[in-house]
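Form predicted on its own, single chain, as structure tokens, below.
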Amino acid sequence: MIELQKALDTVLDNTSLLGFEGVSLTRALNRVLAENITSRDNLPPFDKSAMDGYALNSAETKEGVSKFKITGSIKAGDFPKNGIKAGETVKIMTGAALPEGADAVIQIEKVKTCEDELEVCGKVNRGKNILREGEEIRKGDSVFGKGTFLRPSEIGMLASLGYSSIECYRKPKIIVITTGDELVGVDDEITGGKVRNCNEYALAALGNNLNADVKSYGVVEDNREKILNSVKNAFQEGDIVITSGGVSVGDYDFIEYVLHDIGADIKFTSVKIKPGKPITFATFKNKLFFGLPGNPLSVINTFEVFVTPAVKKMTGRKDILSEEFPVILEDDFRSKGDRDNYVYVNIEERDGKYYAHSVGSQSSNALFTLTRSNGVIIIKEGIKSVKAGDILNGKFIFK
């Protein structure tokens, strides 16, 4: 059984960036750029109004009342062919191009009009309510670098720059294999000795939450030959193979044997973490294998701690590890002290500080506990109890 940090370092040391591919902008959300982006245009591409108002020459305004003749109007999308002359103004809409001769826009709410005459009270400053050509970005400027995570704002920016497709790091394909003769489908009745198959759905959701491509092989019975064939096929199809169950030392736990059969390089088979001690990690032809425990809480915990950072690194993300922060306990907690204990809690923020509340049983099959949680606190190895008011490191889950 190895230390948690050593196990995580081993996973990340054996994880590499995937290749890149062209992605249409409509499918690029939550992807990571694999190219540098420069601006193809000036933004804005012309001087334009930032308000609905009247375009005029600021030098013709004064501290008292200034009067102008309204000679027309310009809406967004039009480009004025004629400029304004001395003593003239035009009505202009937000986003419309500024006419020649105008250097300011006065808001509609701040003027008076009578037929074709405009009255302006007070001096108007040059450049008021105008967005200048290239004010935001100049043609040729660097906009985004490799490794940029594409949120909705970045997608919008790329569209404004004329990029309909971009190079992104490839999403990993995750193959999920669920083992266990005790498992029945979600629509089946629970009969003696059986439980419904929840791990398959939880693992698929965890992978999808990371924007990976997930394919499930369904439930494979506890048969060495059948598990072997499933794992072989999974390695042909996927970048990451994940199994749940069959990684302990029971008579029907075949995962380690199967990995030996195919010649995989087994890095570790047990980690000092609770829940989730019996976790196997191996590599095979530059692909990753995670053999997760069978209990639901253990499955989710080990995925979050080990698989999530690997997926993030593969896809070029910079936030590989979840941010930990100090959390003040509002309940007492106990631990055996034999390994790092991830205790699922509800974390609340009050006045800039974080507080953790107990949400019930921490049994490795207590999935309902996790549904009431939004984070974990980490009781380090060697600590057997902590009290309300103590401060531990914690983090949010599924981020």
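Counting begins at 1, following the sequence as shown. Here, rigid core means the biggest group of C-alpha atoms that superpose within 1.5 Å across both forms. Every value quoted in this text rests on a predicted model; they were computed, and no experiment measured them.
Below, we refer to the form predicted in complex with another copy of the chain, which is not included among the displayed structures.
Interface membership of L321, defined by any non-hydrogen atom within 4.5 Å of another copy of the chain in the predicted bound form, is ruled out.
Not displayed here, another copy of the chain is kept clear of Y355 by more than 4.5 Å at the level of heavy atoms in the predicted bound form. Using a 4.5 angstroms threshold between heavy atoms, I397 counts as touching another copy of the chain in the predicted bound form. Using a 4.5 Å cutoff between non-hydrogen atoms, S58 does not count as a contact of another copy of the chain in the predicted bound form. Annotation: in the predicted bound form, residues G22, G127 and I175 none come within 4.5 Å of another copy of the chain through any heavy atom. Of the candidate stretches 142-150, 112-120, 261-269, 166-174, only 142-150 contains residues with a heavy atom within 4.5 Å of another copy of the chain in the predicted bound form.
Note on contacts: among A202, I227, V327, V219, the single residue with a heavy atom within 4.5 Å of another copy of the chain in the predicted bound form is A202. The contact with another copy of the chain in the predicted bound form, taken as any heavy atom within 4.5 Å, belongs to I137 out of I137, A212, A282, A234. Taking another copy of the chain as positioned in the predicted bound form, the residues of 179-207 that bring a heavy atom within 4.5 Å of it are, in sequence order, D181, E182, V186, D187, I190, G192, G193, K194, V195, R196, N197, C198, Y201, A202, A205, L206. In the core-superposed comparison between the shown form and the other one, the C-alpha atom of G218 has shifted by less than 2 angstroms.
With the core superposed, S49 shows a C-alpha displacement of at least 2 Å between the shown form and the other one.
Positional change of R132 between the shown form and the other one reaches 2 Å or more at the C-alpha, relative to the superposed core.
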